[in-house]
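Taking the form predicted alone, here's one chain by itself in structure tokens.
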Amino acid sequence: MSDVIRRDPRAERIARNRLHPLHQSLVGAATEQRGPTGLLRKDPRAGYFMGPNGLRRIDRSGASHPGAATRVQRGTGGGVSTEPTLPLHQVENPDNFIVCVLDMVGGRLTSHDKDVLGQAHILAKSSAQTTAVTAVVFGDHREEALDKAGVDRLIHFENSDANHYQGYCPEQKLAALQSVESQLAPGHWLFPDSIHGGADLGCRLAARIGERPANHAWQVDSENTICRGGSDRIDIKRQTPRILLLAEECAMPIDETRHEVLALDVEHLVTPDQHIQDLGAVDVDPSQIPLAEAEFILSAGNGVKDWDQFHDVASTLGATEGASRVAVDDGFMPRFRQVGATGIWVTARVYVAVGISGAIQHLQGIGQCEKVVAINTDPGCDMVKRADLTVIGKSQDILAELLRLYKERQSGVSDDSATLSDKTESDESVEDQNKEARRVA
């Protein structure tokens, strides 16, 4: 596997986009140039290469152009892969700040967060002042691509003995945002209008500082804002306020520049008045979650032969079951579990397609899924081309191995929790033991 040539889709997109700042570094010399009269002239010799039989052929992929080596990379040990370096965007001594409070579901940026950062840069460019896009992150996170997402400044409220930002704690987060408001006085506050906490926290901040927010905003500039209302059937136009709750796809995410991600220290000037206690998440049966709302879906197709094993894996992993049209028509799954344009459109964070070849209707139905994992025996099927991660092999063998690894991991966690419980003091209360068990889990 070390000598397998792997394509770089991002570099290919840059090579096709003549307006991208890195286009010339990938394709080399331009095939068109402007003559002395102002007319564009094409070089008829550019874009050709000599084939093995001595005939001249047109290179439509651009692989023979200088710099094309950056568009393919080999696996580990098969050569050094190179990736074009994005230009660095710097903001020195900013006069104004646009603060984006990100959801960071699972400790990583969501597509909604990236859209919010993209909208922040649109507002920053239209401002007459030197403006820095500032991201606010609570608790621990695992995101390593904040620079490529468009973050100029980062305010990271880490967990401490006095402030703990894990779980549902809107009062502590609101106190932290009030401290940012009093010290930075940002020109705009941007929140993702989502169920992951952005909408709730944005409304709380607006009520606390006396601002009227714009909800479900999807077209925003420095002067006017258009919001969706009436179940997305009408548009409401108003003057752009300081606090914006942005809808998904409100702007294009940043993908052409790198940013500094300089840390900003903010003192805690406001003491939270805590009345809410988070007792942890409530267990929910994944089979009762509608497909349109599920975040983790295990979907079956014609390649699944052992249905008892499939149901066992879905139940063990806590995934909502889905199916292709073929599996539904054959009677293995009910009709309300069908995924696709002729079934239900899903927006899961992780979508695992087991034995699904990838008909166009099915691919349309999973177009909004963040990560797609394909398990298939055909490496050339359309689902494999769409997937972010592919496992080639029989679904029965792969699911059995997945189930074994999961149970092995869970048994290791159980052993660790048992060791911790043995070390606790005998006079520890039952409530403290429950807290420790939730922490280990």
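Heads up: residue numbers just count along the shown sequence, starting at 1. Model, not experiment: these values are computed from the prediction.
The same protein also exists as the form predicted together with a small molecule; that form is not shown, yet it is the one meant from here on.
In the predicted complex, no heavy atom of residue 198 sits within 4.5 Å of the small molecule. Mapping the unseen interface onto this chain, residue 305 counts among the residues with a heavy atom inside 4.5 Å of the small molecule in the predicted complex. The shortest heavy atom separation between residue 357 and the small molecule in the predicted complex is within 4.5 Å. For the chain shown alone, residue 401 is not a contact residue for the small molecule in the predicted complex, no non-hydrogen atom being within 4.5 angstroms. Only one of 131-139, 237-245, 360-368, 173-181 lies within 4.5 Å of the small molecule in the predicted complex by heavy atoms, and it is 360-368.
Taking a 4.5 Å heavy atom cutoff to the small molecule in the predicted complex, the contact residue among 269, 341, 145, 252 is 341.
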